[in-house]
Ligand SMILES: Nc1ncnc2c1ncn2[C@@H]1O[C@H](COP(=O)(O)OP(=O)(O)O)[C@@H](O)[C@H]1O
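To begin, one chain is listed below as C-alpha coordinates, in the form predicted on its own.
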(Lines give C-alpha, C1' and ligand atoms only; values in the text may rest on other atoms or scores of the structure.)
Protein backbone atom coordinates (compact mmCIF):
# COMPACT_ATOMS: atom_id res chain seq x y z
CA UNK A 1 0.00 0.00 0.00
CA UNK A 2 1.19 3.48 -0.84
CA UNK A 3 1.25 6.50 1.46
CA UNK A 4 -1.76 8.60 0.52
CA UNK A 5 -0.96 11.28 3.13
CA UNK A 6 2.43 12.35 4.44
CA UNK A 7 2.73 15.05 7.10
CA UNK A 8 6.19 16.56 7.62
CA UNK A 9 7.01 18.90 10.51
CA UNK A 10 3.57 20.49 10.31
CA UNK A 11 3.17 23.58 12.48
CA UNK A 12 0.29 26.02 12.83
CA UNK A 13 0.42 29.08 15.05
CA UNK A 14 -2.57 31.38 15.01
CA UNK A 15 -2.07 35.14 15.17
CA UNK A 16 -1.89 36.29 18.76
CA UNK A 17 -1.07 32.84 20.15
CA UNK A 18 1.95 32.50 22.42
CA UNK A 19 2.62 28.98 21.19
CA UNK A 20 1.56 26.90 18.16
CA UNK A 21 -1.70 24.94 18.18
CA UNK A 22 0.21 22.11 16.51
CA UNK A 23 3.97 21.83 16.24
CA UNK A 24 6.29 19.54 14.26
CA UNK A 25 3.61 16.95 13.50
CA UNK A 26 4.89 13.97 11.50
CA UNK A 27 3.07 10.87 10.28
CA UNK A 28 2.25 8.79 7.19
CA UNK A 29 -1.14 7.31 6.32
CA UNK A 30 -1.37 4.46 3.83
CA UNK A 31 -4.26 3.78 1.46
CA UNK A 32 -6.85 1.45 2.97
CA UNK A 33 -5.85 2.14 6.58
CA UNK A 34 -7.45 4.18 9.33
CA UNK A 35 -5.34 6.40 11.58
CA UNK A 36 -6.98 7.62 14.77
CA UNK A 37 -5.81 10.93 16.18
CA UNK A 38 -6.88 11.06 19.81
CA UNK A 39 -6.48 13.56 22.62
CA UNK A 40 -8.35 15.93 24.90
CA UNK A 41 -10.05 19.11 23.71
CA UNK A 42 -7.41 21.70 22.88
CA UNK A 43 -4.77 19.13 21.97
CA UNK A 44 -4.69 20.29 18.33
CA UNK A 45 -6.67 17.51 16.66
CA UNK A 46 -9.18 19.70 14.81
CA UNK A 47 -6.47 22.19 13.84
CA UNK A 48 -4.67 19.27 12.19
CA UNK A 49 -7.82 18.23 10.30
CA UNK A 50 -8.52 21.78 9.14
CA UNK A 51 -4.93 22.21 7.98
CA UNK A 52 -4.97 18.99 5.94
CA UNK A 53 -8.23 20.00 4.23
CA UNK A 54 -6.96 23.51 3.44
CA UNK A 55 -9.53 25.23 5.64
CA UNK A 56 -6.70 27.09 7.39
CA UNK A 57 -3.22 28.02 6.12
CA UNK A 58 -0.25 26.39 7.82
CA UNK A 59 2.72 28.17 9.38
CA UNK A 60 5.39 25.70 8.28
CA UNK A 61 5.95 22.11 7.20
CA UNK A 62 4.53 20.03 4.36
CA UNK A 63 1.30 18.21 3.59
CA UNK A 64 1.75 15.67 0.80
CA UNK A 65 -1.44 14.14 -0.51
CA UNK A 66 -1.47 11.56 -3.30
CA UNK A 67 2.14 12.44 -4.20
CA UNK A 68 1.41 16.18 -4.43
CA UNK A 69 2.61 18.79 -1.94
CA UNK A 70 -0.67 20.57 -1.25
CA UNK A 71 0.33 22.65 1.77
CA UNK A 72 0.85 25.80 -0.31
CA UNK A 73 -2.10 25.29 -2.64
CA UNK A 74 -4.40 28.24 -3.21
CA UNK A 75 -8.09 27.74 -2.31
CA UNK A 76 -8.84 27.31 -6.02
CA UNK A 77 -6.24 24.54 -6.37
CA UNK A 78 -7.50 22.88 -3.20
CA UNK A 79 -11.00 22.66 -4.67
CA UNK A 80 -9.60 20.51 -7.47
CA UNK A 81 -8.48 17.80 -5.04
CA UNK A 82 -11.71 17.66 -3.02
CA UNK A 83 -12.95 14.87 -5.26
CA UNK A 84 -10.27 12.70 -3.65
CA UNK A 85 -10.24 14.31 -0.20
CA UNK A 86 -13.51 14.62 1.73
CA UNK A 87 -14.35 15.56 5.30
CA UNK A 88 -17.19 14.67 7.68
CA UNK A 89 -17.87 17.12 10.49
CA UNK A 90 -18.99 16.78 14.11
CA UNK A 91 -22.38 18.42 13.61
CA UNK A 92 -23.84 17.04 10.36
CA UNK A 93 -26.88 19.30 10.24
CA UNK A 94 -24.64 22.36 10.15
CA UNK A 95 -22.82 20.96 7.11
CA UNK A 96 -26.06 20.76 5.07
CA UNK A 97 -28.06 23.57 3.50
CA UNK A 98 -31.29 23.52 5.59
CA UNK A 99 -33.49 24.43 2.59
CA UNK A 100 -32.09 21.67 0.38
CA UNK A 101 -33.10 18.03 0.80
CA UNK A 102 -30.48 15.45 1.71
CA UNK A 103 -30.73 13.93 -1.76
CA UNK A 104 -30.37 17.30 -3.46
CA UNK A 105 -27.19 17.97 -1.47
CA UNK A 106 -25.73 14.67 -2.66
CA UNK A 107 -26.73 15.45 -6.25
CA UNK A 108 -24.96 18.81 -5.96
CA UNK A 109 -21.77 17.04 -4.88
CA UNK A 110 -22.06 14.66 -7.83
CA UNK A 111 -22.47 17.60 -10.21
CA UNK A 112 -19.53 19.46 -8.69
CA UNK A 113 -17.28 16.47 -9.31
CA UNK A 114 -18.35 16.02 -12.93
CA UNK A 115 -20.69 13.07 -12.64
CA UNK A 116 -23.57 12.79 -15.09
CA UNK A 117 -26.43 10.45 -15.95
CA UNK A 118 -29.32 9.88 -13.57
CA UNK A 119 -27.94 11.73 -10.56
CA UNK A 120 -31.05 11.18 -8.47
CA UNK A 121 -30.72 7.40 -8.78
CA UNK A 122 -27.03 7.68 -7.95
CA UNK A 123 -27.89 9.71 -4.83
CA UNK A 124 -30.53 7.19 -3.75
CA UNK A 125 -28.00 4.40 -4.24
CA UNK A 126 -25.49 6.23 -2.05
CA UNK A 127 -28.10 6.75 0.67
CA UNK A 128 -28.99 3.05 0.59
CA UNK A 129 -25.29 2.18 0.75
CA UNK A 130 -25.21 4.11 4.03
CA UNK A 131 -28.31 2.46 5.48
CA UNK A 132 -30.97 5.00 4.49
CA UNK A 133 -33.90 4.11 2.23
CA UNK A 134 -35.07 6.09 -0.79
CA UNK A 135 -37.48 8.23 1.26
CA UNK A 136 -34.51 10.09 2.72
CA UNK A 137 -33.82 11.65 -0.66
CA UNK A 138 -36.67 14.13 -0.05
CA UNK A 139 -36.10 14.67 3.66
CA UNK A 140 -34.47 17.81 5.01
CA UNK A 141 -31.67 17.95 7.58
CA UNK A 142 -34.05 19.19 10.29
CA UNK A 143 -36.43 16.27 9.72
CA UNK A 144 -34.05 13.43 10.55
CA UNK A 145 -32.14 12.25 13.61
CA UNK A 146 -28.50 13.07 14.22
CA UNK A 147 -27.41 9.56 13.25
CA UNK A 148 -29.48 9.61 10.07
CA UNK A 149 -28.09 13.01 9.15
CA UNK A 150 -24.54 11.77 9.71
CA UNK A 151 -25.23 8.76 7.47
CA UNK A 152 -26.42 11.18 4.78
CA UNK A 153 -23.24 13.23 5.29
CA UNK A 154 -21.19 10.08 4.77
CA UNK A 155 -23.20 9.28 1.62
CA UNK A 156 -22.44 12.75 0.30
CA UNK A 157 -18.75 12.43 1.19
CA UNK A 158 -18.27 9.08 -0.57
CA UNK A 159 -20.13 10.20 -3.71
CA UNK A 160 -16.80 10.79 -5.43
CA UNK A 161 -15.13 7.63 -4.03
CA UNK A 162 -12.47 9.69 -2.23
CA UNK A 163 -8.98 8.39 -1.56
CA UNK A 164 -8.97 9.99 1.89
CA UNK A 165 -11.87 10.62 4.26
CA UNK A 166 -11.28 12.88 7.26
CA UNK A 167 -13.69 12.46 10.17
CA UNK A 168 -13.43 15.37 12.61
CA UNK A 169 -15.20 14.19 15.77
CA UNK A 170 -17.80 12.72 13.42
CA UNK A 171 -19.42 10.54 16.11
CA UNK A 172 -19.04 12.67 19.24
CA UNK A 173 -22.49 14.29 18.98
CA UNK A 174 -24.20 10.88 18.71
CA UNK A 175 -25.29 8.46 21.42
CA UNK A 176 -23.24 5.32 22.04
CA UNK A 177 -25.42 2.92 20.04
CA UNK A 178 -25.47 5.22 16.99
CA UNK A 179 -21.73 5.79 17.36
CA UNK A 180 -21.09 2.07 17.03
CA UNK A 181 -23.31 1.85 13.95
CA UNK A 182 -21.52 4.76 12.26
CA UNK A 183 -18.12 3.24 13.06
CA UNK A 184 -19.26 -0.09 11.61
CA UNK A 185 -20.44 1.71 8.46
CA UNK A 186 -17.14 3.57 8.09
CA UNK A 187 -15.17 0.35 8.49
CA UNK A 188 -17.30 -1.34 5.82
CA UNK A 189 -16.80 1.58 3.43
CA UNK A 190 -13.05 1.63 4.09
CA UNK A 191 -12.81 -2.02 3.08
CA UNK A 192 -15.18 -1.65 0.14
CA UNK A 193 -13.65 1.51 -1.34
CA UNK A 194 -10.04 1.00 -0.24
CA UNK A 195 -9.92 4.55 1.04
CA UNK A 196 -7.81 5.85 3.90
CA UNK A 197 -9.50 7.42 6.93
CA UNK A 198 -8.09 10.04 9.30
CA UNK A 199 -10.32 9.64 12.35
CA UNK A 200 -10.14 12.58 14.76
CA UNK A 201 -11.60 11.68 18.15
CA UNK A 202 -11.28 12.43 21.86
CA UNK A 203 -12.51 8.97 22.93
CA UNK A 204 -9.78 6.35 22.78
CA UNK A 205 -12.31 3.53 23.27
CA UNK A 206 -13.94 4.47 19.92
CA UNK A 207 -10.53 4.62 18.28
CA UNK A 208 -9.90 1.12 19.61
CA UNK A 209 -12.83 -0.22 17.55
CA UNK A 210 -12.23 1.92 14.47
CA UNK A 211 -8.56 2.40 13.73
CA UNK A 212 -5.57 0.39 12.52
CA UNK A 213 -3.10 2.89 13.98
CA UNK A 214 -3.29 5.60 16.65
CA UNK A 215 -1.50 8.90 17.17
CA UNK A 216 -1.96 10.45 20.62
CA UNK A 217 -1.87 14.26 20.75
CA UNK A 218 -1.20 16.47 23.75
CA UNK A 219 -0.60 20.23 23.73
CA UNK A 220 -0.14 20.31 19.96
CA UNK A 221 2.35 17.45 19.77
CA UNK A 222 2.13 13.74 18.96
CA UNK A 223 3.38 12.06 22.11
CA UNK A 224 2.93 8.46 20.95
CA UNK A 225 2.08 6.68 17.70
CA UNK A 226 1.85 2.97 16.85
CA UNK A 227 -0.56 0.25 15.76
CA UNK A 228 -3.76 0.37 17.80
CA UNK A 229 -3.29 -2.92 19.65
CA UNK A 230 0.13 -1.87 20.93
CA UNK A 231 -1.06 1.58 22.02
CA UNK A 232 -4.09 0.16 23.82
CA UNK A 233 -2.42 -2.79 25.55
CA UNK A 234 1.15 -1.51 26.02
CA UNK A 235 1.19 2.31 26.07
CA UNK A 236 4.51 3.99 26.81
CA UNK A 237 3.38 7.55 27.49
CA UNK A 238 1.79 8.48 30.82
CA UNK A 239 -0.76 10.70 29.08
CA UNK A 240 -1.83 7.78 26.88
CA UNK A 241 -2.20 5.60 29.97
CA UNK A 242 -4.39 8.27 31.56
CA UNK A 243 -6.63 8.46 28.47
CA UNK A 244 -7.10 4.69 28.51
CA UNK A 245 -7.87 4.64 32.23
CA UNK A 246 -10.36 7.51 31.86
CA UNK A 247 -12.19 5.69 29.06
CA UNK A 248 -13.16 2.80 31.37
CA UNK A 249 -12.17 0.32 28.65
CA UNK A 250 -11.16 -2.31 31.14
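It should be emphasised that the depicted structure is a prediction, and the values quoted were computed from it without experimental measurement. Residue numbers count along the first chain shown, from 1.
Although not depicted, the form predicted together with this ligand is the subject of the following passage.
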Picking from 62, 66, 188, 40, the single residue whose non-hydrogen atoms come within 4.5 angstroms of this ligand in the predicted bound form is 40
Stretch in contact, per heavy atom within 4.5 angstroms of this ligand in the predicted bound form, of 205-213, 28-36, 43-51, 177-185: 43-51
Do residue 21 and this ligand share at least one heavy atom pair within 4.5 Å in the predicted bound form? yes
Taking heavy atoms and a 4.5 Å cut-off, does residue 17 contact this ligand in the predicted bound form? yes
